[in-house]
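Encoded as structure tokens, the following chain is the form predicted on its own, with no partner shown.
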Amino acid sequence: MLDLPYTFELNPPGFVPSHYDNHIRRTLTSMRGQYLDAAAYEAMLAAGDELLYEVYELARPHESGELLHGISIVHPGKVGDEYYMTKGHFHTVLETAEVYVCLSGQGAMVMETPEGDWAVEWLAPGRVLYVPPRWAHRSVNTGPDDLITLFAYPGHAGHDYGTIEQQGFRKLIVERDGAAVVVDNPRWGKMEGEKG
């Protein structure tokens, strides 16, 4: 079958693509162990498995030369004082980059490298973020409305969620006195079950 160019529409305010092939829904359950305040997490989960974020993907082959793309929507809210966020990931092929275009809302992208560098870039409508190769990344919604981004990355990049699930990110985005601030993650780098 001949592969042809195509278009799709992103209509505000929700920016859900006019057509898509895969709809991923991540709830509190899928973020177990990712939030610092475990008691707040468990209390929220007892009240219901709330939807934290969604991803709408358009299917393309997972191979070099292709661009995988779609829409990410992180809903507003907090677990304790930590804002709703995506799981975050490295690319399996570390030497691959990603581009994000913020369409709506406000938030941050928390990033780090295996070598220990870290960065936080703030997102607002019209802002374009380039995530270089080797940088893990996680979207965080710091506002009262959905944080909506369009993303694109190489088809062969893959996703490594496991590294982040084990140790988290070096930095967290939390609310302090009504503002979003960057703080150190006191659990970063500690093995699961380790005390300290």
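When you see a residue number, it is the position in the sequence shown, counting from 1. Since this is a predicted model, take the numbers as computed values, not measurements.
The form predicted together with 5-phospho-D-arabinohydroxamic acid is left out here; the points below concern that form.
K.L.:
Has each of Arg26, Val55 and Phe151 got a heavy atom lying within 4.5 angstroms of 5-phospho-D-arabinohydroxamic acid in the predicted complex?
P.N.:
The answer is yes; Arg26, Val55 and Phe151 each reach 5-phospho-D-arabinohydroxamic acid.
K.L.:
Is Gly105 close enough to touch 5-phospho-D-arabinohydroxamic acid in the predicted complex, meaning at least one heavy atom pair within 4.5 Å?
P.N.:
No, no contact at 4.5 Å.
K.L.:
Answer for His137 alone: is it within 4.5 Å of 5-phospho-D-arabinohydroxamic acid in the predicted complex, judged on heavy atom distances?
P.N.:
Within the cut-off, so yes.
K.L.:
Taking any heavy atom pair closer than or equal to 4.5 Å as contact, tell me whether Glu82 reaches 5-phospho-D-arabinohydroxamic acid in the predicted complex.
P.N.:
Result no; Glu82 lies far from 5-phospho-D-arabinohydroxamic acid in the predicted complex.
K.L.:
Does the 4.5 Å heavy atom contact test between Tyr161 and 5-phospho-D-arabinohydroxamic acid in the predicted complex come out positive?
P.N.:
Taking the distances in the predicted complex, the answer for Tyr161 is yes, it comes within 4.5 Å of 5-phospho-D-arabinohydroxamic acid.
K.L.:
Can you pick the stretch from 153-161, 59-67, 140-148, 39-47 whose heavy atoms fall within 4.5 Å of 5-phospho-D-arabinohydroxamic acid in the predicted complex?
P.N.:
Stretch 153-161 is the one.
K.L.:
Does any residue in 80-100 get within 4.5 Å of 5-phospho-D-arabinohydroxamic acid in the predicted complex, counting heavy atoms only, and if so which ones?
P.N.:
Heavy-atom contacts to 5-phospho-D-arabinohydroxamic acid in the predicted complex: Thr86, Lys87, Gly88, His89, His91, Glu98, Tyr100.
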